[in-house]
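In structure tokens, one chain follows: the form predicted on its own.
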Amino acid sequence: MLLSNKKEVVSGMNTYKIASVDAAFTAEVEERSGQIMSQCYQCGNCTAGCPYTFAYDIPVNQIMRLIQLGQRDTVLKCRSLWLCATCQSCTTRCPNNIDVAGVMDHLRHMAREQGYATEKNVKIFVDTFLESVEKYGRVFEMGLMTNYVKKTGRFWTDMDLAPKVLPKGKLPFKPHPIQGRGKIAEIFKRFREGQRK
């Protein structure tokens, strides 16, 4: 349950200091996600169904409430955005059909744009994944893994899996040939042009 006054919000065991309300933030989330944030009435179904709540610093329903309260910095700086697996559990449980997972995805984009990345290795993985898709038209697994390791220095992460996946062809040494590679690159180009406008 969320209680609020003008200076702070108390939610469960958490207390959030309320900075000035940024109504433009709420409007931006609504515009980008296509969801109406005022439809969330804090039933808690999204948090109850989330398999990662145990790792979140701010549970999903509280993120939704903080968006309603226009708390840009608190929301965009939270770890939860980067730990969300976009599994859709929250979305399927919402009685008001709010695409909560979609909102989380848009918040992650907003956090990236504004320079917030509380989980650096997750951001590096996402960036490396997108670079691979842009370059090859789909993910090149070996290249993704190599570049991720180079950028993070995590050389021994998951090395024990290599003997299991290599014989099964799960990590090919060459990118997959696909049709329409140029069209994928064009999508990335259009996205960047849209970002500049």
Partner chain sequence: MTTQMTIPYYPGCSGKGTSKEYDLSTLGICEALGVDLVEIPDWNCCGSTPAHTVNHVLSCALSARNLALVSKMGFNEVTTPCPSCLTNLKVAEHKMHKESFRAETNALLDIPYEDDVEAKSVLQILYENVGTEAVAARVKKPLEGLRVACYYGCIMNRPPEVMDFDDPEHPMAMDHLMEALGAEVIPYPLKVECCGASYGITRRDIVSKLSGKLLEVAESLGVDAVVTACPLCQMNLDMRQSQINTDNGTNYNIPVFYFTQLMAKAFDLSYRIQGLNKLIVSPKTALARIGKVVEKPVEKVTEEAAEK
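Residue numbers count along the first chain shown, from 1. Nothing here was measured: the structure is a model prediction, and the numbers come from that model. Heads up, when I say rigid core I mean the largest set of C-alphas that superpose within 1.5 Å between the two forms.
As for the form predicted together with the partner chain, it is not shown, yet the points below apply to it.
Quick one: is Gly153 in contact with the partner chain in the predicted complex, heavy atoms, 4.5 Å cut-off?
-> No, Gly153 stays farther than 4.5 Å from the partner chain in the predicted complex.
Would you please decide whether Tyr116 lies within 4.5 angstroms of the partner chain in the predicted complex, comparing each non-hydrogen atom pair?
-> Close contact is absent here: in the predicted complex, Tyr116 is far from the partner chain, nothing within 4.5 Å, heavy atoms only.
Taking 4.5 angstroms as the cut-off for heavy atoms, does Val122 touch the partner chain in the predicted complex?
-> Yes.
Counting only non-hydrogen atoms and a 4.5 angstroms cut-off, does Glu141 reach the partner chain in the predicted complex?
-> Contact with the partner chain, yes.
Heavy atom of each of Ser89, Arg108 and Val165 within 4.5 Å of the partner chain in the predicted complex = Yes, the whole candidate spot contacts the partner chain.
Can you tell me which bits of 164 to 188 touch the partner chain in the predicted complex, meaning any heavy atom within 4.5 Å?
-> Sequence-ordered list: Lys164, Val165, Lys168, Gly169, Lys170, Leu171, Pro172, Ile178, Gln179, Gly180, Lys183, Ile184, Ile187, Phe188.
Examine Lys170 after superposing the rigid core and state whether its CA is displaced by 2 Å or more between this form and the one not shown.
-> Where the cores coincide, Lys170 still shows a C-alpha shift between this form and the one not shown that is 2 Å or more.
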